[in-house]
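Single chain ahead, by itself, as structure tokens, in the form predicted on its own.
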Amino acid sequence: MDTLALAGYAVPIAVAIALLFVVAIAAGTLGSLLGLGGGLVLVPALVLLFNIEIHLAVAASLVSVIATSTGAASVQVESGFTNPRLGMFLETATAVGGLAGAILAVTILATHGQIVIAAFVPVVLGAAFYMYAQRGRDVDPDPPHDRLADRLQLGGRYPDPDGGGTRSYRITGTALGLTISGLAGVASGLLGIGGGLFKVPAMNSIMNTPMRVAGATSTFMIGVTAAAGALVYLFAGDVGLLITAPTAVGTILGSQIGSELRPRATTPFLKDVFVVVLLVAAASMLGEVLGVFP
């Protein structure tokens, strides 16, 4: 086969791969910048533009999320924005959820792709609404004490973007944050979105984590979450080299770009971009479910 269908048109495979690479760079940049992993952009693009089956798109997205985390996490850890202790605490629930979501997708929902696509819409819209409602705040300087957070020393410090020195923050709401992280894992395995759209709002608005730290910590976490789900898709035969290779390489490059941009972005800007990306992704997938796209 020398051509692939792209938005209803037959294009040479080389052109399609190049376009996949470009889309993946954009997805990786946004994913690293916002802590989403890029799957939120990549999955709708693969389904709507490249007419790729949802399960294959999710599998490729999970591999790309691993690439995003690998490419960006080291940079962001060195920058001082990542909270590894908090990330590993939440990952205990997220990894289990990611495995459960992937198993559900390749078994019960394996022949019901439209259900998976439909599930994408309310999940993304809910996250967009929550982030928009919380866009005016970052952290509470004196949040309620959380015994578990205090015992595990989950709080931390991060570089002050407005000047020299550092700022400190205290973590709270560990029980709810851990629960949402588990649900984020299920969404990651089921939808290929890395779970960042849940974890970033949860860490920022519920656990009192600064937006920059939440995004960087989410990027640090999503690789493990995606790996749990990607293994299931690999054994199910849904990981295609032709799709996965260019998207993985592109997201690695994009993740480096996003990591460089993150320290320069303000918190309101990050939240506004977060909401816009979520709304566009939800609208595009809703159009697919309703048959708007050919």
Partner chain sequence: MTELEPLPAGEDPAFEAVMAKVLRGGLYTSIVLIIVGLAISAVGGLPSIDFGGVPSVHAGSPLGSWGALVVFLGLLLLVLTPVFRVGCATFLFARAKDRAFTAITLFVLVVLVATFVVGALR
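Residue numbers count along the first chain shown, from 1. Here, rigid core means the biggest group of C-alpha atoms that superpose within 1.5 Å across both forms. What you see is a predicted model, and the numbers here were worked out from it, not measured in a lab.
Separately, the form predicted in complex with the partner chain exists; it is not shown, and the next lines address it.
- Note on the partner interface in the predicted bound form: the residue among A119, I206, L125, I103 having a heavy atom within 4.5 angstroms of the partner chain is I103.
- The listed set I257, L49, A245, A26 contains one residue whose heavy atoms approach the partner chain in the predicted bound form to within 4.5 Å, identified as A245.
- When contacts are judged by a 4.5 Å heavy atom cut-off, P84 counts as touching the partner chain in the predicted bound form.
- In the predicted bound form, Y132 stays away from the partner chain, with no heavy atom inside 4.5 Å.
- Remark: P159 does not count among the residues lining the partner chain in the predicted bound form, judged by a heavy atom distance of 4.5 Å or less.
- Of the heavy atoms in F269, none are within 4.5 Å of the partner chain in the predicted bound form.
- Stretch-level contact analysis of 257-265, 26-34, 41-49, 59-67 against the partner chain in the predicted bound form, using heavy atoms and a 4.5 Å limit, identifies 59-67.
- Taking the partner chain as it sits in the predicted bound form, the stretch 84-99 comes within 4.5 angstroms of it through a non-hydrogen atom at P84, R85, M88, F89, E91, T92, A95, V96, G98, L99.
- The rigid-core alignment places the CA of A100 2 Å or more apart between the shown form and the other one.
- V63 is not among the residues whose C-alpha shifts by 2 Å or more between the shown form and the other one once the rigid core is aligned; its shift stays under 2 Å.
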